[in-house]
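A single chain, nothing else alongside it, follows as structure tokens in the form predicted on its own.
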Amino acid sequence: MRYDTVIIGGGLAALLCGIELARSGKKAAIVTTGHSTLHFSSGSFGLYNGAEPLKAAEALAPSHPYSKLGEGMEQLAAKATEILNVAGIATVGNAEANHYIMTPTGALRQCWLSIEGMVTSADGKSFDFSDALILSPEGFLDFYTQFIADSFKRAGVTTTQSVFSLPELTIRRNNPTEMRSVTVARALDKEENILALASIITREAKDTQTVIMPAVLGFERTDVLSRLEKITGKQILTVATLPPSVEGIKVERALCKTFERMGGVIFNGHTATHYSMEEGAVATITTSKGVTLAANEFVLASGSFIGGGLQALRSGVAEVLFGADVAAPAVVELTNRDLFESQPFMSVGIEVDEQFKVLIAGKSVENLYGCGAVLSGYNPVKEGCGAGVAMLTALKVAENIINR
């Protein structure tokens, strides 16, 4: 099988690159082992820490992926937002200034974009409501209501707490391992459960106009929150749960559907295991299921250690498919004993040139590009830029391929 472009990986970078290529008319395919780290997402996307992320990025080292974007970082950020919206993912925020989103532990973290309907704060200190009801499924272990209540209290918001139960969830509670976010979300896909929950909200909230819930409002359906707001007349906001993240799964599924709707093909459950070269360019890749794919261009978006794109060996770190050159920070130890300090290994990744072409044995491969978490030169956790690097480098790679 032959395609214009084959993308190796199935996460945020792979999907955005694929969508941009597909909507430009390219015949694109994605080869992915399985679920991506989007399943751990907290419902937000970080560009770079700081009040003004675009300005903060201007002072980054030349080795940072953002420095290779040139002067188009703002435009790429706008395009990334547009693609999310095209996929049906409504977002809040812009690249000019970060806002704050509430995490599963009640902390407020800076972000560039957050999914519409989640608890956010403009300044990280206050909210646009003065009182709220925190409502959670009875027996649900992945939502820490007291942490969330304490966070609101520090911001001057008065809260009350309550739990709700539905017959379907009461059965699930007999086995605590079944009371997970996805299980609750699937139950709330059903109209009868939505109506029952609406009655509970009306009864429990009384004069309180804002209701805070875990982000488990529907799995297949995307209209559960708006339906509840319409029926109850309350403002309903959500907070991400501990993984698995329903919001993250929804983002992944929405992007996959958009890519396929635009003509893209996803080889799910396939791991790229071999490749062939012709005249200094990649000619084909072969997957673990024996499928060989030929293309004009290939994109390596296989992720870092968690995604399986990088592997830590006794001899060092290796890129698993092509044996691409790996760059590591100039430090003695790649780990720091202080868990809350910057971990140098987070900056390890493959080397690419100014066009994001992958280096193998010191030479750029003409038709092999790298994007996302597999890249070197940045720390996604300390800098708060994991999603931003994934999305912006993916779109830059797509732009470079389209303009070849």
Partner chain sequence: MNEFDVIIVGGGATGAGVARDCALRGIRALLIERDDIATGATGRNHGLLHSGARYAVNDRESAEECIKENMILRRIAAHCVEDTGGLFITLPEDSLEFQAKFIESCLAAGISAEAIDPKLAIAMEPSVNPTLIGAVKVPDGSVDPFRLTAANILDARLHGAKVLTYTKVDELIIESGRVVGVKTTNTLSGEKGEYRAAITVNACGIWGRDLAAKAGVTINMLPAKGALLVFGHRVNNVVINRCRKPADADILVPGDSITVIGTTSSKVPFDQCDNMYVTPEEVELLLREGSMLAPALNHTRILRAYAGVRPLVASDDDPSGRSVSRGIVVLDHATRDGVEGFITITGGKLMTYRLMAEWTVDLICKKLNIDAKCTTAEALLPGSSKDKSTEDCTRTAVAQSRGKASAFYRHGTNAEKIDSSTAAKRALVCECEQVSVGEVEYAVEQLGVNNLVDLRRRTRMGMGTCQGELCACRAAAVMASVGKSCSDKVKADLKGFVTERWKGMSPVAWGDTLREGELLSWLYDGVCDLSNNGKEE
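All of these numbers come straight from a predicted model, not from anything done at the bench. Residue numbers count along the first chain shown, from 1.
Just so it is clear, the following notes concern the form predicted together with its partner chain, a form of the same protein that is not shown.
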Partner-contacting position among Leu38, Leu69, Ile360, Met346 - heavy atom within 4.5 Å of its partner chain in the predicted bound form: Met346
Looking at His274, Arg154, Lys289, Lys230, which is the one with a non-hydrogen atom within 4.5 Å of its partner chain in the predicted bound form? Arg154
What stretch, of 308-316, 76-84, 266-274, 246-254, brings heavy atoms to within 4.5 Å of its partner chain in the predicted bound form? 308-316
Although its partner chain is absent from this view, report whether Arg180 comes within 4.5 Å of it in the predicted bound form, heavy atoms only. yes
Does Met262 reach its partner chain in the predicted bound form, with heavy atoms at most 4.5 Å apart? no
Quick one: does Gly93 come within 4.5 Å of its partner chain in the predicted bound form, counting heavy atoms only? no
Although the partner isn't part of this model, could you tell me whether Ala294 comes within 4.5 Å of its partner chain in the predicted bound form, counting any heavy atom of the residue? no
Since the partner is left out here, which residues of 138-156 would have a heavy atom within 4.5 Å of its partner chain in the predicted bound form? Leu141, Asp142, Tyr144, Gln146, Phe147, Asp150, Arg154
